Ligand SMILES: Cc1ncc(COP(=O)(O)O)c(C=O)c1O
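Below you'll find only one chain, the form predicted on its own, shown as structure tokens.
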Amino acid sequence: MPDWKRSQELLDRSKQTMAGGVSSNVRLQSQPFPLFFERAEGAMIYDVDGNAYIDYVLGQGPMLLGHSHPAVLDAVNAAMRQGQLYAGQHPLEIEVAEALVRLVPCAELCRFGLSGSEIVQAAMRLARAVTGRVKILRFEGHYHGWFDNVLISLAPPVDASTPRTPSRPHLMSKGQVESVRDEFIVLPWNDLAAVEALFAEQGSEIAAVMTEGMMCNTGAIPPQPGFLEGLRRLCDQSGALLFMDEVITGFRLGLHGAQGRFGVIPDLATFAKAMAGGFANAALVGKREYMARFAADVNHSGTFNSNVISMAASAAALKELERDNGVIYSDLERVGADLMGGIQEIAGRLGMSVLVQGFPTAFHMSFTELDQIRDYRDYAIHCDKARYDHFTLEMMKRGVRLIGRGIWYISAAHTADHIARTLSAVEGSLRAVA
């Protein structure tokens, strides 16, 4: 059992000056409690008590290259000595924009921000300006940021009898205003028939369909065959825009994002996390005819947008990902597939009902009798989340750090040795929770 005494002392201290002792509510859910870390390198992260963990949290996804990647740190160190914030343009932002246009299928023009939550707001504003409409279709269990108008139906109350028809948007926090419910229509994901029925009745009122390319924050749920294609068709027919939130999937599911992997090109897409190697940066990209409105009659501003540090980090990270035509992804896919297969094999050998699904760079593990999770309802109704919390704690005791929601992120720094040690911890932890 690891000693977490120093972390506990620091948490008690931090609670005196920080609400809950943390700066993000997501961290309140950590096992065994919100730990304090002092350094991270490659696939490893180290807490203040000297415990080392193989890390599959990876900063909640951004560390696709691994922690403290030398190319990213060197680029940032060199650039920041030239200045940090100009309130004006600089060549690095052109370099990053050119990379995005080269790599992302829908990208013809770009705008930069700092976070996924923030850049989603720019996408919604633009979609409403382009269409002259207000309502946005979104899906149960999808996360598009913590802002008032998008923290909706992330975990709505459902059971087996809940109709698969448009539901009243479920607010996720005290302090959210009731009026935001009027801006959105919510449906289960992966149910094209439900979307078609909605568009038949209200298609002329919908400004955009907002979706993750693969549902990531609640399971790693790929789109069913034809679902994204159906969304594209319905948007084209009705004059709505298809907005793909690739804050998580961008560069994680492949060099060309989820839209490249699934072959469905949206009108607008947002990127963050993996595009900057652990630094704060985000981008909205899309078709020229729509994005050009930012230079005309749609406002998008920000003091820290395209700051030198963020752009230097993104330029270096994207260069590493693109090197040799993206050869890094072959290694990522191989390592992740070995881990997915190993977990499933161990669970089967122990006679435990465990599902591992998704893609090698971002997959989900759950205790369930289902052979596939198709939407939020499958996850909410049929997955044993309490047992997974116990499993996460057992893995921490064995030196492996996981996200409590069940999603595992792989980095280019994970090796065959890390996978072997992880699978040993998986077997011990599964036995402990059996």
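This structure is a prediction, so every number in the text was calculated from the model and none was measured. Throughout, we count residues from 1 along the sequence that is shown.
Same protein, other form: the form predicted in complex with the named molecule, not shown, and the subject of what follows.
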Next on the checklist: Looking at 195-203, 285-293, 108-116, 337-345, which stretch has residues with any non-hydrogen atom within 4.5 Å of the named molecule in the predicted bound form?
Outcome noted: 108-116
Item to check | One residue of Gln259, Asn217, Ser153, Asn190 in contact with the named molecule, assessed in the predicted bound form (non-hydrogen atom, 4.5 angstroms) | outcome: Asn217
Checklist outcome for this item: Partner-free chain; cross-checking the named molecule in the predicted bound form, the single residue of Gly239, Gly302, Gly145, Pro360 with a heavy atom within 4.5 Å is Gly145
Checklist entry - Arg252 near the named molecule in the predicted bound form, any heavy atom under 4.5 Å? => result no
Checklist entry - Using 4.5 Å between non-hydrogen atoms, is Ala75 touching the named molecule in the predicted bound form? => result no
Checklist entry - Can any non-hydrogen atom of Glu140 be found within 4.5 angstroms of the named molecule in the predicted bound form? => result no
Checklist entry - Wondering, does Asp267 line up within 4.5 Å of the named molecule in the predicted bound form on heavy atoms? => result no
Next on the checklist: Under the 4.5 Å heavy atom criterion, name the residues of 194-214 that approach the named molecule in the predicted bound form, in sequence order.
Outcome noted: Glu212
